[in-house]
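The chain that follows stands alone, in the form predicted on its own, written as structure tokens.
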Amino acid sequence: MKILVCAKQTPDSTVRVKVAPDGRSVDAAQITWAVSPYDEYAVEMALERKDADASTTVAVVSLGAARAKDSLRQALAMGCDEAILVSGPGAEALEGLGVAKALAAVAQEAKPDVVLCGRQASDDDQGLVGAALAEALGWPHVATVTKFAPADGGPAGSVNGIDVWKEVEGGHEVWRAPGPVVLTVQKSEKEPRYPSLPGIMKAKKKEIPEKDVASLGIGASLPKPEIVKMEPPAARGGGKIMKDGDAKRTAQELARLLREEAKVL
């Protein structure tokens, strides 16, 4: 089985993001970058399949600035076999549909049995690229996936297809999809593994080929939404602790606060 994982480099979730002076972008000066968390789960899910079947190969692709190579090397250190960076002028400016078309061009060349994407990126939370990628490829798509395996133990892409565990309220559904297929990952069964020291050393030596986004034939006529304004969320007010031991008076005071201050009643 050949698996292609699409991994986006986003600001680390522990970093306090600031709006840039232009009011329409993020100030990147103090940002630490990392693999988007759901994409990291997608990498782990691919590596779990590789652990179960040594013939499986896992490639990871990222689209963006040259700094995205750091995230690709993290994926290589975790156990991925190869990595591809799509970059060049205009790569960072591509919106969701353009990103999906660029990744589709890479997937058509790589010919994987399964493409894995995180269900949504941690920076814009749109959840668009995975579904748009499936549409661009003309492949089936299953969302909120936590596990997959060749159906009946057969190879991916066979007539048996691929069994996919999809998270639903209260449990899971098991779907059978013909290969090739695009899966957007909710979480894998395990937390993403840490890169091993030997893996880190090997990843440093691996060559990461780059593709110029212009060579992928992405049309300049794609719709480009405009960001009008960015602003941080409103600061939360302080909480109140009800210390009065009388339950009736506490309930009355709580009702008053919810009505007059919180204005939710």
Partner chain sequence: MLPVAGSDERLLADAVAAYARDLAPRIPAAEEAGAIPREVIADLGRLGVLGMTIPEPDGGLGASSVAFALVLEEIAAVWPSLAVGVSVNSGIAEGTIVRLGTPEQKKRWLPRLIDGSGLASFALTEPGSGSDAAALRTTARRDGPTWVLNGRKMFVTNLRYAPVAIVLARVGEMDAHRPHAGITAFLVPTDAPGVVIGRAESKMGLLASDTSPLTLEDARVGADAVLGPQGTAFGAVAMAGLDGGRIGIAAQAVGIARGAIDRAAAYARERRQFGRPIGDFQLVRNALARAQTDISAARLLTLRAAWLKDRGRPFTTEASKAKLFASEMAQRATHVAVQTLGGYGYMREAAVERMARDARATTIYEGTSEIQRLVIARGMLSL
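Residue numbers count along the first chain shown, from 1. Everything numeric in this text was worked out from a predicted model, so none of it was measured.
The following text describes the form predicted together with its partner chain, which does not appear among the structures shown.
Mapping the unseen interface onto this chain, Ala34 falls outside it, with no heavy atom inside 4.5 Å of its partner chain in the model of the complex. Using a 4.5 Å cutoff between non-hydrogen atoms, Pro195 counts as a contact of its partner chain in the model of the complex. Looking at Met201, you'd find a heavy atom of it within 4.5 angstroms of its partner chain in the model of the complex.
Just one listed stretch, out of 187-195, 132-140, 162-170, 84-92, contacts its partner chain in the model of the complex at the 4.5 Å heavy atom level, and that stretch is 187-195.
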